[in-house]
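Only one chain is shown below, in structure tokens, and it's the form predicted on its own.
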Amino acid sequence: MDTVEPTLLAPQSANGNHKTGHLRAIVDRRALGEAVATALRAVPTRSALPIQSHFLLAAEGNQLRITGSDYELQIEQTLPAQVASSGSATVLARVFADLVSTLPDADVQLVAEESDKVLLTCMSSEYELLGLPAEEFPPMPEVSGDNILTITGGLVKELVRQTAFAASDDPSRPQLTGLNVVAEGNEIKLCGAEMARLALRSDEMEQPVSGSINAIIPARAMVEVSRILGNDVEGETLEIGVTQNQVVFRLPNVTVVSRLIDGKFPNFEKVIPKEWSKKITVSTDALLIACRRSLAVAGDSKRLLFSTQDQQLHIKAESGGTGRGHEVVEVVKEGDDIEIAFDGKLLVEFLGIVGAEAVDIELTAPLSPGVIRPVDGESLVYIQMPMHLM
């Protein structure tokens, strides 16, 4: 049997006159599925506002826009479409996502002659999906002015990868749940911090920022942008624009909007110790593996005791409920021996993202913060507060 491809017919009234202003579009199922998966990242699982559980579908020109939004994050994905009539409508996001993911790989026709109802057709499948008036959906803000920077996707992913892990998840200190983004001229810095640690990553951008930027962006938003960028980002760029209370990320075919976090971020420049009296240089992998093994017996405290003897680093862990362990790692040491304790779980998280063959650990006293840097540069600085010796 021959397959009949769907065609876009303008809606007609009973007397044959064409109606205008209602959404009528055809899209590829695979492209639709990818767009839905991206926009769904901004849709909350639960919300007091019913509209936040919906997608906004908007057809115009030769594109269909799909937008998901909650109180903090908004993601808009565009995809090619055959548009016979421009218009907007909403559908329940998770219902729409589940349905699209199981449709056959064929063209999907979307028709919304009423603002709260979408008719979906794909081959022999037909569905009527209820929604809410499109006017209730929050608008996408426009960003213009001086506070705009253009940056490569690869640099964004690296900046986020090496800082977001250190951001806090404690809502009682909202400033620390974000990343402090500071950009001026060609220099950009990202900093993530919580009470026990701080990670600062700086780099040079190819294009200088117009104006300057100093904002606290939710770590969640930065991580989502990094995920949307994907792995193949060579040569890809995005624009980041900052207003008084929002940040807009413009990627190819995707726009992400996030609220900014009010308040003041800790002055990370003052937190970083300027001097050290003892330093050890150690293989990143050797230290990471030894710490991971030691955590198996460290118990709930995650406390690891580090001490140096000559050119060796001794790592000890002990818990009344699990036992004890002792690891020895070869190091290059400068200065006197030292004994210090760190939360091993936090340290392992950093060692897993450092991306260098070896690190320098700079120390001063048992209760003073330790500073860890890759040996191949100053672009990444990690600070961790010690635990009390027992």
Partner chain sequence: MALDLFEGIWKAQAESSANGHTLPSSRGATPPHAPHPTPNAPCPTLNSPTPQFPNSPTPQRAFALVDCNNFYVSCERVFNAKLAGRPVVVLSNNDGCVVARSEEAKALGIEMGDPFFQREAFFREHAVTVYSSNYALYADMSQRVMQTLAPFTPEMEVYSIDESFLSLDHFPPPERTAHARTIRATVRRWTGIPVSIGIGPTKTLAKLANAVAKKTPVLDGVLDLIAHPDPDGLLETLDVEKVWGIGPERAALLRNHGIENVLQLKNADEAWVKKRLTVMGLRTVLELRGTSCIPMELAPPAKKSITCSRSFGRAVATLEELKVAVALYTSRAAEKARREGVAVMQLQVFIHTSRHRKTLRYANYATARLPMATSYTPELVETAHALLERIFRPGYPYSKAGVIFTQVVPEAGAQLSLFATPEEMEKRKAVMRVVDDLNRKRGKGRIQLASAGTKREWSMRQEKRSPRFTTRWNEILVVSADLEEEAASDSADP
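No experiment lies behind these values; they were computed from the predicted model shown. Residue numbers count along the first chain shown, from 1.
Same protein, other form: the form predicted together with the partner chain, not shown, and the subject of what follows.
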Three-residue site Asp169, Ser172 and Leu198 fully in contact with the partner chain in the predicted complex at 4.5 Å by heavy atom = yes
With the partner omitted here, the residue among Glu236, Glu194, Glu239, Asp116 that in the predicted complex has a heavy atom within 4.5 Å of the partner chain is Glu194
The partner chain: the contacting residue among Pro139, Pro266, Pro104, Gly185 in the predicted complex [heavy atom, 4.5 Å] | Pro266
Answer yes if any heavy atom of Val271 is within 4.5 Å of a heavy atom of the partner chain in the predicted complex; otherwise answer no.
-> yes
How about Lys189: is it within 4.5 Å of the partner chain in the predicted complex, going by heavy atoms?
-> no
Going by a heavy atom distance of 4.5 Å, is Leu367 a contact of the partner chain in the predicted complex?
-> yes
State yes or no: in the predicted complex, is some non-hydrogen atom of Asp343 no more than 4.5 angstroms from a non-hydrogen atom of the partner chain?
-> yes
Where, among 278 to 286, 172 to 180, 126 to 134, 93 to 101, do residues come within 4.5 Å of the partner chain in the predicted complex by heavy atom distance?
-> 172 to 180
Even though the chain is shown alone, can you say which residues of 294 to 315 have a heavy atom within 4.5 Å of the partner chain in the predicted complex?
-> Arg303
